[in-house]
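A lone chain, given as structure tokens: the form predicted alone.
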């Protein structure tokens, strides 16, 4: 693809993603009111990851990038996930 290629995303798509983000935010608020114990943080991070994925995929146009850039984005995300996961394991077993 040339740098001049524009990816036109319809307003309908942006509106659908925005509504999905609002729904995920509402789910986050409702789950925060539930007392899930040790799974509260995990649930909040999972929902936040889904919201970040939507923003990256549609609003930042990651959907139209080449595989190499998508892979290079996965590496720090997986590293961060491992670090957060190990932190939770450390806290749970203290």
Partner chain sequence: MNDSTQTAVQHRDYAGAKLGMWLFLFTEILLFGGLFLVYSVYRSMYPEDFHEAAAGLSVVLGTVNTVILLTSSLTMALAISALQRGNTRQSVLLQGATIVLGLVFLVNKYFEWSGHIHEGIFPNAPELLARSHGQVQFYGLYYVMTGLHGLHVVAGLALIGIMLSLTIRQRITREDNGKLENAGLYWHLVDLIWIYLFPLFYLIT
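Rigid core: the largest C-alpha set superposing within 1.5 Å between the two forms. This one's a predicted model, so the numbers in the text were calculated from it and none came from an experiment. Numbering follows the first chain given and starts at 1.
The same protein also has a form predicted together with its partner chain, omitted here; what follows describes it.
The closest non-hydrogen atom of residue 35 lies within 4.5 Å of its partner chain in the predicted bound form.
For the stretch 28-58, the set of residues having any non-hydrogen atom within 4.5 angstroms of its partner chain in the predicted bound form comprises 28, 29, 32, 35, 37, 40, 41, 44, 45, 48, 49, 51, 52, 55, 56, in sequence order. Residue displacement note: residue 79 has its CA displaced by at least 2 Å between this form and the one not shown (rigid core superposed).
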